[in-house]
Structures are given as structure tokens and as C-alpha cells.
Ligand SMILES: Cc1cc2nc3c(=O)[nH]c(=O)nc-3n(C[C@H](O)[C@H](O)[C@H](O)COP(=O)(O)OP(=O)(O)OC[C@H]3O[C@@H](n4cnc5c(N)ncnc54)[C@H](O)[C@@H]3O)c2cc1C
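One chain comes next, on its own, written out as C-alpha cells in the form predicted on its own.
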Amino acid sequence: METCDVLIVGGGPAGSSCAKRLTAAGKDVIVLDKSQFPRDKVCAGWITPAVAEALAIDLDDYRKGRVCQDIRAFYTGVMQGPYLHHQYDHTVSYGIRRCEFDHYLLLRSGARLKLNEPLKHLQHTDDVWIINNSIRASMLVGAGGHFCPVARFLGANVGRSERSVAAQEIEFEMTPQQAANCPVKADTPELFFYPDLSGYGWLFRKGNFLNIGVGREDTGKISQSALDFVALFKQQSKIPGDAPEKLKGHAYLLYGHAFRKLVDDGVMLIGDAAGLAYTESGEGIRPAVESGLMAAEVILDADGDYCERNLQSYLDNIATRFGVKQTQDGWFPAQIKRALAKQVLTSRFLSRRILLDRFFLHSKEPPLPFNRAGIAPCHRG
């Protein structure tokens, strides 16, 4: 039977970020994932400069053979309504393809990889985890996304009592003719919100790749919403008429609505497994990366004694970084949704300052500060 210090279930940005921090500190880490990488991952796919900095990504190196689209502008508006153009004088984000980005992070993590191997059996006895009857680990990290089996082990009632977001998306490489005729600019994602603020759709071009998607909290409407969205923008010639019509679905939890148990003896949840996507935008890559790094620091500080008490600081760090949870309704804080939704979506100033800078880009929130004692105090702006 193989042994390791830490076994991480899930090789996405949360799992690979955690693994890299741990292996750099000398821990023996195994990453277990049900998929073979590179793998197709449904996601709009952009990262902010703060994510690149937290991960110490050399963007010049990353661009070699991979998509890394500078984003310097956005269109925002109401579905089937007028929209606003927001131009920045610098790069505020980078468009990436998740199949490339996740594979890149995983390969450089330094962990031992067990790919194309789903978690089938999990047992915890005498402070040791037995995984698939073949691996022994002192510490277990659940990073397997919304349906993570480790989250289920900790009692998550996946798909039943949880209030999730459903999304349907597709990303495809356009033909030369499609690319030439596509009016969506490569550096300008387009975001279109539903009037009731139950979600939004997007058109996001990355070079010759086009990403189309819709996400909504009222999950029963997602299939028809996706069909209507594609039909609307095909009619407007923003989407090629012969583009693929079948979108792929996935689900995730928003931070303000997620109440999973994140820590127990010898186990932690990170990323979408923990339900950390930003409540206001649904974006999950930055919370995934930051939670993976925070978890790694707490594991290192525990120094081999992984009782729940020694892992509790992870919960404090999550609350410090992402805010204390409050009752919120929808993709925006309740007070804005009730009183200011229309003004935010129709005002150029408010859309840029609140919708984009605060909710989507988190531009006032610096990269995650670390020391071996944990994260430095920080406050959401």
C-alpha cells in the first residue's frame, strides 16, 4: 500500500495550488482525480492579475503554446436591452482555456499524480485515511468541485438541500471564416444580465476561441435560458450561425449560500468543494486558488497533528478573506438587488465601479498575503 503525507482529491486550481505549496515545503503529496489531464472543463475562463501573482505565474512563459488573452474592456447590460462599454488603460484580466490552465498548474505542482482514478472507497481509522484500499494518508483535502466525494463524506447534501447555481457553457475554436465574421472583440468580454438578476450570460472570445454561457440561480430555467441566449445572439450575428448548439452543464455553490462543513479531524474542503465562488459574480478560480493556498499553510502549521482543533484557523482565514456570511439573495447583496439593481446596470459609472471593479475583478483586493502564521488581516472593500 502506498503512503503519503497529504492526499488531495481533485486536480483543479484549488487542488494543484494546495499541492504546490505543500510539496515546496517538503510534504509528500498525491493528487487523485477521476479525469485524465488535460481535460475539458466547463468554465468562462479568466483570471485576474492577482491570481497570476498569487500563483507566481510567469505569463511570458505561460503564453508559449497556450491561450492568454489580455482583457482591457467589457460590455455590460441587461439581456435584450442596451449595453455599456467600459474601457481600461491596462490589462485587468486574462482569458485562459481551462484545459490548458489546469494542466499547467497540475504538472508544476510537484505532487505525485493518480489521474483517471475516481475516489471509490474512503475510510478514516486511527488518524489515518485509507483511500481506494491502496493509499494511506495522514491528511485528506477535498478539492473535487461541487460534487466532491469528500464533501459528501463530511455530510454535504449535494443537489438536495443546497441552493446551487446551474450553468451551461461551450467553448470552441472558430473556423477562419467564423473568426473573421465574429464581432465579439478578443479583449472585450460581453456580460448580459437578466432583469430579475437571477444570473447572466456571456460572450467571451479568446483569440480564435469563443466561449458562450449562461448561469442562473433558478436552476429550473437554465436549459431554456441557454437555448434562448444562443438563439438571440445568433440572430444578432454575434454567435456564428453554424456554431455548436449543445452546451455543457455544471453546478456550483455561491459563498453566501454555502454551508458545508469545511473541517474535521484530518480533512479539509477547498475551492468549489467548499462552496467558495463569489456570491456576486459566481467566479470561482480566485477563491479556489486562495483557499488552496490557505489550506496548505494551515496544514503546514499543524505540523503533523491534524486534529480538527489544529485546522480551525482555516475557517477564520476563509472568513477574513471572503467575509463573514450574511443572508443574501441572488447574485448581488440584497440591498443592491432591491434598490439599486436598475441603476447599477444602466449607469456607466456604477456598472464599472460596482459591477466590474468590485464584484468581478475585485480590483481593490490585493493578492493573498502570506506568512507561516497564516494570512495577514484583510477586509473586503
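From a predicted model like this one, the values you see are computed outputs, not experimental measurements. Numbers follow the displayed sequence, beginning with 1.
Another form exists, predicted together with the named molecule; not displayed. Remarks below refer to it.
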- request: Considering only heavy atoms, tell me if G284 and the named molecule come within 4.5 Å of each other in the model of the complex.
  value: yes
task: Although the named molecule is absent from this view, report whether L315 comes within 4.5 Å of it in the model of the complex, heavy atoms only.
output: no
query: With the partner left out of view, is E290 within 4.5 angstroms of the named molecule in the model of the complex by any non-hydrogen atom?
result: no
query: Is the gap between G81 and the named molecule in the model of the complex 4.5 Å or less for some heavy atom pair?
result: no
field: Answer option from V230, A167, V267, L210, heavy atom within 4.5 Å of the named molecule in the model of the complex
entry: A167
- prompt: Within 4.5 Å of the named molecule in the model of the complex, heavy atoms considered, which of E100, E117, D127, D187?
  reply: E117
field: Per-stretch contact check against the named molecule in the model of the complex, the hit in 316 to 324, 347 to 355, 61 to 69, 31 to 39 (non-hydrogen atom, 4.5 angstroms)
entry: 31 to 39
query: Is the named molecule close enough to F192, A226 and F359 in the model of the complex that each of the three has a heavy atom within 4.5 Å of it?
result: no
- request: Within 4.5 Å of the named molecule in the model of the complex, which residues of 1 to 28 have a heavy atom? Give them in sequence order, or say none.
  value: V9, G10, G11, G12, P13, A14, G15
